[in-house]
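Listed next as structure tokens is one chain, alone, in the form predicted alone.
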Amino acid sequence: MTPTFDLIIAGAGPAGLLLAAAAARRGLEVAVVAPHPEAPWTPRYAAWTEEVRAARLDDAIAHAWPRVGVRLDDARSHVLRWGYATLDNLRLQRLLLQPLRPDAIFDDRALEVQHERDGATLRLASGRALRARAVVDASGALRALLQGPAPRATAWQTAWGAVVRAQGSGLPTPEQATLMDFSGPDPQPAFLYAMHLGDDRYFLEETVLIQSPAVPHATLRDRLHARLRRTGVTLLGEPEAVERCTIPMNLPLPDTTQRTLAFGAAASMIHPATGYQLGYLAAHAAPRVADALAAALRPERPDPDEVAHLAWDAIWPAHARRTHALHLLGARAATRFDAAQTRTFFDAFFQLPQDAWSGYLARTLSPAQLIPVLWKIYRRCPDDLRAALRGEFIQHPDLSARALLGVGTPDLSSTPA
């Protein structure tokens, strides 16, 4: 007999399990399908403490700092009094697996979804089949189950970092993590992301926020070591762990007319100007989408097309599409900035009131709130940065109109005529 569920989620990373746990807590029968679904996660996840607490994930906090620092050069820096936290992957994974039935977690690979009049069948690599009233692709940016061509990114965030034992005056303090340190002679807009992990242990990472083409990890590793030598930091032995990160920053939105749903990177929910995702998914998107699914699946025989329509409206509501389009315009402009322009831009950005810059970073501003914030940044920028920002609206009128009028965003892998 084919097992039947309210909801099947293909993918067992943080995005998939955040939605699975939220849906299970609302009474839905949820299955999760992924190769090695309980394998440890290797990336280092971080979020604003406010987001972690809003999602009731306090028990997953590994380290927390009451403030973070942004250093632009020797003359310009900002202290952001907004809590920041890194997460313990194992504790987070266990918290999200708790609401799920152990016999509804399948170590398998989802191959395809077949939609029928009363639901969907998910076919697995093992030859098994599962039935559900709704299926969500949470497999990441490759979108393994969604219809349409594979998405193409044209800009990436890349980083190379390591957990190390170190000493020196250029290291972050226990009370303040380093969100971005752009100081130094490098003409490329790369920055140090760093935090104290206790005793003489630190996480140190060289990051390029957004660039096209992607900066190689080896280049970032060499830049990090050069930065540490320049600032008088001495490494004490070999790294405990190394992290290599590549995030697609401008994936187009999926086709929201299809019955297969998406969540997380598969739904292009990465913040296109920062690369962050987990905090927003945990605090805002997963509860919103789980509420919509629970309501849509409440009838004994729900209409699958109506379920998909309501769910997509929760995944990408109109206001989120508008803010996403506005973020994309800013992100595209950032790919043209050199190091000096990047420093000047962030100096203007962090001179805004805290509720403005924090709302931009956490995606809590409505479009009506976001547009005046962007205008304030624009007014604070010098002429060369203003020209770059204006150029995005001029060169991409379709995207600009969609940002302001509140409809979907196009595929940005090519430039509109």
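In this text, all values refer to a predicted model and were calculated from it rather than measured experimentally. Numbering starts at 1 and follows the sequence shown.
Not pictured, yet referred to below: the form predicted together with a small molecule.
For the three marked residues, R332, P372 and C381, no heavy atom of any sits within 4.5 Å of the small molecule in the predicted bound form. In the predicted bound form, the small molecule sits beyond 4.5 Å of every heavy atom of A314. With a 4.5 Å cutoff on heavy atoms, G275 counts as touching the small molecule in the predicted bound form. Within 4.5 Å of some heavy atom of the small molecule in the predicted bound form lies at least one heavy atom of G264. Although the partner is absent from this view, T246 contacts the small molecule in the predicted bound form, with a non-hydrogen atom inside 4.5 angstroms. Contact annotation: of the candidates A144, A129, A104, A294, the single residue with a non-hydrogen atom within 4.5 angstroms of the small molecule in the predicted bound form is A144. Think of it this way: in the predicted bound form, the small molecule has a heavy atom of just one of I377, A46, L365, V68 within 4.5 Å, and the residue is A46. Only one listed stretch (315 to 323, 332 to 340, 302 to 310, 136 to 144) carries heavy atoms within 4.5 Å of the small molecule in the predicted bound form, and that stretch is 136 to 144.
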